[in-house]
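Take a look at this single chain, the form predicted alone, given in structure tokens.
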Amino acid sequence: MSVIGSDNRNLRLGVRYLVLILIALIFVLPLLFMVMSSFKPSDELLRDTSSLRAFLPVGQLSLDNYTGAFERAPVGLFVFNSIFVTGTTVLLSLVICSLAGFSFVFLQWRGRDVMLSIILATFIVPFETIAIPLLLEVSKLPWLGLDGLSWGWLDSYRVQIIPWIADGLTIFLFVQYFKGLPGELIEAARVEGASWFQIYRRVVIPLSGPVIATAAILKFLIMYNQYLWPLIVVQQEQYRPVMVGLQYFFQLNPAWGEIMAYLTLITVPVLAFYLVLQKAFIASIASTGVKG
């Protein structure tokens, strides 16, 4: 019986690993195809799509597509814009949304539950329904800069950052995580005479690494993949992000090799950001149950 039981366990383990390998291939193969195709001429790239050669470093490999991508569009500028807008938004969002989550969980104030319900209700509102009203609003807002007072936020970094700092999903993540923290820690800090901000900074935030990593990665992906909003609020090339820059490669005759090279280049910051936060992200999945 022990032999049969051992065989069954080995079979289940083998099936589990097979399923995991298949899932990994589903995610890895498109990336592998993209990278391999970025080194091939467009005609060879299209021919290889019908065979396994599409995933292998075979054929006339060169860096011509990357050179062509930089000649067709200001790739470096677009990547910088996306990283600057995304990084700034993520940092500000973590601060603002964590403070909001802290207030919803630990502070007692009138209308708290109603306000939280309203914020959660925003989940069901598609962005497309508020895009035009939001566009009209930001086009008339004042801004005090080095050149003095101006009206309208269009064609700027701020119009891509400020409307996205606070969002219901990030606040919800912090609220749910903060509810799981031991209440005794907060009570002990209050007994010691700590202010609420000191509790937030010295007690709650040091214990919130997993949810911070989760919120940061989700916010990074949302902001880095922004397309519709930058498309309608940014007309000047100097402020365009990478997703809007993709349009440059579909004008007249699309050069698929250059497109793959461009996609490979703009994927690097996403992978690098995820690898930096990988351990904290895995810990956050285990502790909060948030699915990536």
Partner chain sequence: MRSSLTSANRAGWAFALPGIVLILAFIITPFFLGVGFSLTNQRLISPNATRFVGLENYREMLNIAVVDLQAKTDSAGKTVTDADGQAEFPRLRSITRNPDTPQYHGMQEWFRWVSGDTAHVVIASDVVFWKALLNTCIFVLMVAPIQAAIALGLALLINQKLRGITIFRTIYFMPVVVSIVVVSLLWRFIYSGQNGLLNNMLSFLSFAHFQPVDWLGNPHTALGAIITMSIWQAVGFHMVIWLSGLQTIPPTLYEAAAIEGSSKWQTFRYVTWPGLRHTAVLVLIVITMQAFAIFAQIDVMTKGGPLDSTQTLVFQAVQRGYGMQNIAGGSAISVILFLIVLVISMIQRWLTRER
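This one's a predicted model, so the numbers in the text were calculated from it and none came from an experiment. Only the largest set of C-alpha atoms that superpose within 1.5 Å between the two forms is called the rigid core. Positions refer to the first chain, counted from 1.
Unshown form predicted together with its partner chain; subsequent notes refer to it.
Peer 1: In the model of the complex, do 63, 79 and 223 all put a heavy atom within 4.5 Å of its partner chain?
Peer 2: None of them does, since no heavy atom lies within 4.5 Å of the partner.
Peer 1: Counting only non-hydrogen atoms and a 4.5 angstroms cut-off, does residue 94 reach its partner chain in the model of the complex?
Peer 2: Residue 94: no contact with its partner chain in the model of the complex.
Peer 1: With a cut-off of 4.5 Å between heavy atoms, is residue 260 one of the residues that contacts its partner chain in the model of the complex?
Peer 2: So residue 260 counts as contacting its partner chain.
Peer 1: Whether residue 147 contacts its partner chain in the model of the complex should be assessed with a 4.5 Å heavy atom distance threshold; does it?
Peer 2: Residue 147: no, not in contact with its partner chain in the model of the complex.
Peer 1: With the partner left out here, check for me: in the model of the complex, does some heavy atom of residue 126 sit within 4.5 Å of its partner chain?
Peer 2: Within the cut-off, so yes.
Peer 1: Taking its partner chain in the model of the complex, which residues along 114 to 143 bring a heavy atom to within 4.5 Å of it?
Peer 2: Residues within 4.5 Å: 115, 118, 119, 120, 121, 122, 123, 124, 125, 126, 128, 129, 130, 131, 132, 133, 134, 136, 137, 138, 141.
Peer 1: Hey, does residue 63 budge by 2 Å or more at the Cα between the shown form and the other one once the core is superposed?
Peer 2: No; that C-alpha moves by less than 2 Å between the shown form and the other one.
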